[in-house]
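Given next, in structure tokens, is a single chain: the form predicted on its own.
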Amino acid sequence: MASPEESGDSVEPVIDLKSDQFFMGEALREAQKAYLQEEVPVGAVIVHEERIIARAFNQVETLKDATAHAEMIALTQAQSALGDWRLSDCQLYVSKEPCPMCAGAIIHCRIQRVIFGCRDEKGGAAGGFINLLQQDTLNHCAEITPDILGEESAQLLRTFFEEARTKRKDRDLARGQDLGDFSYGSN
């Protein structure tokens, strides 16, 4: 039996190193780093001319900085890599839909396209809660591609928050037991 190459049939690569799935996989690797540091697991990469020029993950708790979202850190890295604040030929891959703060920075930097994993119905600014990235009254609009590896992104966030709730409950229970062991006025 002839192989696909011998028969003239085209063979698709196992991993397309230029696909949205590949680059989102890289953003998810960054999100995993955040998870391991007990940060909200969101990761981002910025691509220019089919090459990753910036990688980042949430570091809000680590840096004690409310603006240290994965997107914000990645934008700063990309600007440094290109030597320009304008990122008009770049694509941003982020594991969760950007928030309004990040969307504002994305617009200001003129990112060409935003590709994200899971939607954020409560606070997303790329169509989940509001769509700032395509607000026609602003000076720039970004193309949006949602739901790339969305289930994987959502599952990582669900796991993180379930674990955080369990840790908080255990901590509160331990504090309650400590208080319960100490009683005023009893012999």
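Numbers for residues come from their place in the sequence shown, where the first is 1. Just so it is clear, the structure is predicted and the values come from calculations on it, not from any experiment.
As for the form predicted in complex with a further copy of the same chain, it is not shown, yet the points below apply to it.
Novice: Considering a further copy of the same chain in the predicted complex, find the one stretch among 22 to 30, 152 to 160, 117 to 125, 40 to 48 with heavy atoms no farther than 4.5 Å from it.
Specialist: Heavy atoms within 4.5 Å of a further copy of the same chain in the predicted complex occur in 117 to 125.
Novice: Between a further copy of the same chain and S88, C90 and I144, in the predicted complex, does every residue show a non-hydrogen atom at 4.5 Å or closer?
Specialist: Checking in the predicted complex: none of S88, C90 and I144 is within 4.5 Å of a further copy of the same chain.
Novice: Using a 4.5 angstroms cut-off on non-hydrogen atoms, would I130 count as touching a further copy of the same chain in the predicted complex?
Specialist: It does: once a further copy of the same chain is placed as it appears in the predicted complex, I130 has a heavy atom within 4.5 Å of it.
Novice: Is Q112 a contact residue for a further copy of the same chain in the predicted complex, using a 4.5 Å heavy atom cut-off?
Specialist: Because no heavy atom of Q112 falls inside 4.5 Å of a further copy of the same chain in the predicted complex, the answer is no.
Novice: Quick check on I52: any heavy atom within 4.5 Å of a further copy of the same chain in the predicted complex?
Specialist: No, I52 sits far enough from a further copy of the same chain in the predicted complex that none of its heavy atoms falls within 4.5 Å.
Novice: Is L36 close to a further copy of the same chain in the predicted complex, meaning a heavy atom pair under 4.5 Å apart or at it?
Specialist: Output for L36 is no: heavy atoms all beyond 4.5 Å of a further copy of the same chain.
Novice: Who in 92 to 124 is close to a further copy of the same chain in the predicted complex, meaning a heavy atom within 4.5 Å?
Specialist: Stretch hits, in order: C99, P100, M101, G104, A105, H108, C109, K122, G123.
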